[in-house]
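A single chain comes next, written as structure tokens; it is the form predicted on its own.
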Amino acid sequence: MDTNKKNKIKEILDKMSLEQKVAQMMQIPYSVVGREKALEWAEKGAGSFLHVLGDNARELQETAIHSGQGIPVLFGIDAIHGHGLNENATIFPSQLALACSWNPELIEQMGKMTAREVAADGLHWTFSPVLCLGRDTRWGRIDETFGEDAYLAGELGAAMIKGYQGDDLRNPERILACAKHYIGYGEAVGGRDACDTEMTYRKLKDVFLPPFQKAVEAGCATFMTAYGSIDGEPFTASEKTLKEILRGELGFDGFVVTDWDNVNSLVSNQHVAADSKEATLLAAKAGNDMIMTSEAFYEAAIALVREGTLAETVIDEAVLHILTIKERMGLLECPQRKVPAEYIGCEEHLALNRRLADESVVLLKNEEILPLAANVKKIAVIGPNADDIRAQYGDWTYFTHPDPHPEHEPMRPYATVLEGIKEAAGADVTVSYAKGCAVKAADEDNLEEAVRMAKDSDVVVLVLGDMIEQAGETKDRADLALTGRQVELFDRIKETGKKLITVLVSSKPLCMTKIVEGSDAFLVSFNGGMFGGNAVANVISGKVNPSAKLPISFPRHSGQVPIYYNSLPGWHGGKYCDLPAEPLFTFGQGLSYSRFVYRDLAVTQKKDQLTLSVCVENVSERDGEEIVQVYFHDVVSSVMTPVKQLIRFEKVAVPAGMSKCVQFILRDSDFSLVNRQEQRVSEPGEVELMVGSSARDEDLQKTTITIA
């Protein structure tokens, strides 16, 4: 930032009263306090509001710029997979579904289009992306992650940030990104949301920090502290994570916002503070710049400064961070940014949404049944999630936030799996439908109708999964098995002897071993957004050649969790005595209608750089896309390292009967680790390189190199 801009911000800060400065640190939830109180806060000089849309936001902005110091407010919203709290907006696949595409370019475009729609609503800021790792699938927020791997999460998260923010935050069509939840939140013990994270700082830096490092490098303007704690210290009160690591080691220069009511939680949930004054002191000194929803912070911070317990310079630093970001956005000169309302739900955005949905459906089993043959004339679509748009959307839409509204009328356009199959089938194919059973036990279960329909079909498409009441905050699960009578429904359909295609529409991997083994084909469509149903139908019909790969592993049983591909070695026996060692499906797996063969793996080394090349041949008669994955294993190291670790990937299009040579440039730093002194270093020695179609050993070609 140039000197003139710095001086301008300093001039504004010097003119502010203590009350105005503390107000600037406050983020007020409009949906909680209501219009009248929100207007009062705007007059006080509140720095931000959340969960307020359109004209209500514009009214608050007008009030703010004509009150006190006239500093514009930032409006934040949970635009997690599109601006989904607005019923007319484009709802994209969830982060977990997007991660199945392994396509940073499309995800960057999705971020750009989400930013347009958020900005068109008069808002400036999304609390996205989630950079937590989904390694314990019992956790209720798995759907919000990019999966279990830090490298993939970092690459896709950085792409999303670039999409949201672009090259210039002054562009009115761009918005602020927020990297969350900082840090280790998803690793809470037992998959229990917001509980303590039992790990060392060495492990935190080695495994969980890299995606946030990528976010800083991508220019992410804001970070959000997590609900939980590390070794008993709440993240909201952690000077080490916020000041020493985030600002000191990573060089972050934006501002930090707490998660929902985190300051009050220091008193009410975590019991490390006796009252709001003590909690305020902890949060302010730790380095939180903006306080989400904990209104008691305002009076407490003023009192602490007045009595000399809290230095006003702490408040000044926080406000400086906030004003700096507002200046970067150009809000100080132009508080009301004008973006065409026609962006919301426009055709350009819907077209990208369709493509992302197509690239997010993972084919995991195919016993020569897909794509469906032309002689299939009767399709029975059965199951609780075959025609349920709420289950297909998942969390963070107008059905679930700011308050749950499952009764909300679904807004078109969208297509469920049933609707997608009807659309794809054509006039000469009969498509029948029976729900069969509910996701949870319900009076409307009718397995007999489903069985009759299956018997009268050529093929059955059975759509199983979970529901929005089973995903999200406070929705952790101890049992990942299918609920209700879904397994019984599967058994009854299986007994008919009909060809069976099973589709999982869910917020996370569920335990599906019996279902997968008994199905002729198995597909996964995590919350696929508006056109998830079309995407499933496109893959089943063969209109789309699937290219998606899993960003997360599937456990065979709830007791096998956590099971992720990059575990540490040394488990005595290497497996549970009553289960195979491997998950049902492993990170990186996914089938295509094309068949790819890897050959001619070669490595060329020059000083601290090496070039890895491999030939990918399409030996089928259909053009296809393959996601080439590169892993490494440090053979001997000063600390234990994973059995394998993803370090590169590339999605390549290979025409039928053709080959493509794929090259990757690697450096010594790609094989680094965090040592016992919490320093990231590259150690000399042997490194095993692996290239192939998934993290499974049988899918990888291997070679060994030496790092000097």
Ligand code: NOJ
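For every residue, the number given is its place in the sequence shown, counted from 1. Please read all numbers here as calculations on a predicted model, not as lab measurements.
Beyond what is shown, the protein has a form predicted together with this ligand; the following relates to that form.
*in the predicted complex, segment of 315 to 323, 500 to 508, 174 to 182, 158 to 166 with a heavy atom within 4.5 Å of this ligand*: Heavy-atom contact with the partner occurs in 174 to 182.
*Could you check which residue among Tyr201, Tyr576, Trp260, Tyr598 gets a heavy atom within 4.5 Å of this ligand in the predicted complex?*
The residue in contact is Trp260.
*Among the candidates Glu278, Glu473, Asp623, Asp387, the residue which, in the predicted complex, approaches this ligand to within 4.5 Å (heavy atoms)*: Partner contact (heavy atom, 4.5 Å) among the options: Glu473.
*Quick one: in the predicted complex, does every one of Leu50, Arg141 and Met292 get a heavy atom within 4.5 Å of this ligand?*
Every listed residue reaches this ligand in the predicted complex, so yes.
*asked:* Contact with this ligand in the predicted complex for Tyr433, defined as at least one heavy atom pair within 4.5 Å: yes or no?
replied: Flag for Tyr433 set to no.
*Flag Tyr631 as yes or no: does it have a non-hydrogen atom within 4.5 angstroms of any non-hydrogen atom of this ligand in the predicted complex?*
It does not: once this ligand is placed as it appears in the predicted complex, Tyr631 has no heavy atom within 4.5 Å of it.
*asked:* When the contact criterion is heavy atoms within 4.5 Å, does Met224 count as touching this ligand in the predicted complex?
replied: The answer is yes: Met224 has a heavy atom within 4.5 Å of this ligand.
*asked:* Under a 4.5 Å heavy atom criterion, is Trp102 part of the interface with this ligand in the predicted complex?
replied: Outside the cut-off, so no.
_Residues in 91 to 127 with any heavy atom within 4.5 Å of this ligand in the predicted complex_ = If the 4.5 Å heavy-atom criterion is applied to this ligand in the predicted complex, 91 to 127 yields only Phe127.
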